[in-house]
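One chain is shown next in structure tokens, namely the form predicted alone.
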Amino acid sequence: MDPTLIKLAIGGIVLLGCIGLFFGIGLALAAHKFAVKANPKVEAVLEVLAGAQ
């Protein structure tokens, strides 16, 4: 194969990996910032009503 094509393919893979890493970190930060704490009363009600289907 042509070395130029191999370099181009590897460059594309590296570029896609960097974009994925960037968006992954962004999503992790957004999930951490907008996290909602669960209300313990909701959990207690769900435990009681779990068999009431």
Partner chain sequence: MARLRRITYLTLGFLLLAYLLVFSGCAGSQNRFIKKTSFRGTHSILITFAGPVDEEWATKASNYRVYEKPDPDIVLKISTIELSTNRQTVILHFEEPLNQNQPHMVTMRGIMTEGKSVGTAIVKVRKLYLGYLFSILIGAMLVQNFVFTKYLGLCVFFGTSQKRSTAVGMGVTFTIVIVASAMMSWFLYQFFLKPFHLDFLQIIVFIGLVSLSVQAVDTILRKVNPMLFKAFGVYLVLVIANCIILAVPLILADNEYNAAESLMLALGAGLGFLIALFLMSSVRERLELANVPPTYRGLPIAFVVAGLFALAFLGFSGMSIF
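In this text, all values refer to a predicted model and were calculated from it rather than measured experimentally. Numbering follows the first chain given and starts at 1.
Absent from the display: the form predicted together with the partner chain. The rest refers to it.
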Partner proximity in the predicted bound form: Gly17 to the partner chain, non-hydrogen atom cutoff 4.5 Å:
no
Contact label in the predicted bound form: Gly12 to the partner chain, heavy atom within 4.5 Å
yes
Val42, heavy atom within 4.5 angstroms of the partner chain in the predicted bound form:
no
At 4.5 Å, heavy atom to heavy atom, what parts of 12-42 sit next to the partner chain in the predicted bound form? List them in sequence order, or say none.
Gly12, Leu15, Leu16, Ile19, Phe23, Leu27, Ala30, Ala31, Phe34, Ala35, Val36
